[in-house]
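Single chain ahead, written as structure tokens, the form predicted on its own.
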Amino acid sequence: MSAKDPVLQPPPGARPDWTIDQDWEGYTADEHQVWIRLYERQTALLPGRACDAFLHGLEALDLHRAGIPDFSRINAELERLTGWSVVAVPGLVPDEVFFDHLAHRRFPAGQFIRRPEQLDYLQEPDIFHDVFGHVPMLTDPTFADYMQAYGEGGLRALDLGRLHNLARLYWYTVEFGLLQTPAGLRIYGAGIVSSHAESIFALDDPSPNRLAFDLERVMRTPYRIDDFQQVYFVIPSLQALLDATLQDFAALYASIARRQDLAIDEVTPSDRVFTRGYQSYAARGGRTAA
């Protein structure tokens, strides 16, 4: 998790790289129970919705056990599979810290878990979003390479002043990406797989647009952080996603700088459309109308 406009000094108790001890022994029985409730609800929903790589990762890491996972336990298997590890952080971290961790195959995860009354929606990512949502995909070698490449690209984007464009790539892939499969569209984005409501909305609701992934198009598309997405981008494979991003983005950033952003609900003549949405959910006011 990264933070925009951060205070560059780590908070008290954090190391210079912003990591902290997970303090797994400090979780209460009630906190473990929140994890179990969330885990059981999502794992009952996701077969036939989440992509195979996510489901395989979930099984490989055995994230259920007796509640909130102990990072030291899951890291042993994660490092064996792809060389990644999970590190605890006190919350959102500065962009350069976040990218540096990713570039060195470390995923920064929040240490706290939401309260029982927040099961359905939480503004700041917690350990369930970060670990259940993100970490299973890091067991896949191709996606693991993509995440490392993203971290390396993030450090470059900071120097070039194009972080807002690169952030859109993360949002529409790592957080809210869809995958095309012979059996239909599947979820791989952490923001979807960790949300009961959006796991349904992203695949079933007629409201959002679902468009084929195109790197420049994604980087020109704003996103919303407070509600269901108005557009999802569909990759043909994890390898295709990695291949599309293993390039020097300097020329791409220069091209984007000369063009305007696209409206979040826009469908252009060059888009390959899986679903042209009605945008009815957004028109009703989304969560603010609930």
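Residue numbers here begin at 1 and follow the sequence given. Keep in mind that this is a model prediction, so the values were computed, not measured.
Only in words, not in the display: the form predicted in complex with ligand PHE, which the text now covers.
A single residue from the set 245, 255, 33, 237 has any heavy atom within 4.5 angstroms of ligand PHE in the predicted bound form; that residue is 245. Among 146, 99, 201, 213, the residue placing a heavy atom within 4.5 Å of ligand PHE in the predicted bound form is 146. Not one of 107, 129 and 135 places a heavy atom within 4.5 Å of ligand PHE in the predicted bound form. Contact annotation: residue 150 falls within 4.5 Å of ligand PHE in the predicted bound form, judged by heavy atom distances. Taking non-hydrogen atoms only, residue 192 never approaches ligand PHE to within 4.5 angstroms in the predicted bound form. The shortest heavy atom separation between residue 249 and ligand PHE in the predicted bound form is within 4.5 Å.
Among heavy atoms of residue 169, some come within 4.5 Å of ligand PHE in the predicted bound form. Only one segment in the set 150-158, 177-185, 109-117, 135-143 has any non-hydrogen atom within 4.5 angstroms of ligand PHE in the predicted bound form, and it is 150-158.
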